[in-house]
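A single chain, nothing else alongside it, follows as structure tokens in the form predicted alone.
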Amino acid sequence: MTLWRFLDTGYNDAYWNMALDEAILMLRTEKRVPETLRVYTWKPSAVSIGYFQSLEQEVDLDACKSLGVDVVRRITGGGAVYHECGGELTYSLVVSEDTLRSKRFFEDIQGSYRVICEAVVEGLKKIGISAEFKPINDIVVNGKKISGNAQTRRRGVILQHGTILLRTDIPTMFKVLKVSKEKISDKAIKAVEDRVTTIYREVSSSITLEDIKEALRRGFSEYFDTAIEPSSPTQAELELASEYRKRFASWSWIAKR
């Protein structure tokens, strides 16, 4: 049984969160760190956009500025996401493709999404939530989305990260993402609320963030049949993340498309 790491890095800003994910990824390609499951949260709230997205088309920068919401561009694909401070838990898995395939066989990128998301599903089961993977990259509960996920790859190593909703602030989400004025209505908000769900809507709010983190760790450990032990980022990861953070926080990176 191989040993993976579990990193709980707590609250950090958007630039550090994305920088540390990339630092772990790059050091894993050099085999300087083990396979890693990380959990984290966002402070302040932030909007992240996919690597290929247009900032201008996706984000209302004036609204973000007035509300104190950070904006960051990810290295992964996918769509724009509003990360509410205290409203979600984010996980990231950095794992070599060969290791992942040896644990749960898959044939292609879609298959890798499936097996990683099924590990999240296993974690949610630990807190009494019956969820399922919905291609391409969502996790749903009774047809309602509770998690969205995105990936990138470097030299045979996968980074997949995703959000797990604890609660939703849809009015703020509509303000910071570019949504037509007509859509910012009670009816539109209700429509979104009908399509998504959250941890605290599905189970008792007495479940703590620590309970959810531990459920994820156990879910991944059992699904991939591997020990995943609590650890801390290495000095090399912290130093590399400090360098990468400068890029993630730079306007040239954020507005590059």
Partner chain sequence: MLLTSEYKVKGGKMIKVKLDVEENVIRRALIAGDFFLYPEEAIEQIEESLSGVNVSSDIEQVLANAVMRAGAQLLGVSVGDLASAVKLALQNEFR
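It should be emphasised that the depicted structure is a prediction, and the values quoted were computed from it without experimental measurement. Numbering follows the first chain given and starts at 1.
Form predicted in complex with the partner chain: not shown, discussed below.
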Kindly confirm or deny that Thr36, Thr208 and Ala227 each have some heavy atom within 4.5 angstroms of the partner chain in the predicted bound form.
no
Using the partner position in the predicted bound form, report whether Glu58 sits within 4.5 Å of the partner chain, counting heavy atoms only.
yes
Touches the partner chain in the predicted bound form: Tyr200 (any heavy atom, 4.5 Å)
no
Quick one: does Gln53 come within 4.5 Å of the partner chain in the predicted bound form, counting heavy atoms only?
yes
How about Ser102: is it within 4.5 Å of the partner chain in the predicted bound form, going by heavy atoms?
no
TL;DR on 86-94, 116-124, 148-156, 168-176: the one with heavy atoms within 4.5 Å of the partner chain in the predicted bound form is 148-156
Picking from Ile75, Val81, Val72, Val141, the single residue whose non-hydrogen atoms come within 4.5 angstroms of the partner chain in the predicted bound form is Ile75
Residue by residue through 117-140, which ones have a non-hydrogen atom no more than 4.5 angstroms from the partner chain in the predicted bound form?
Ile136, Asn137
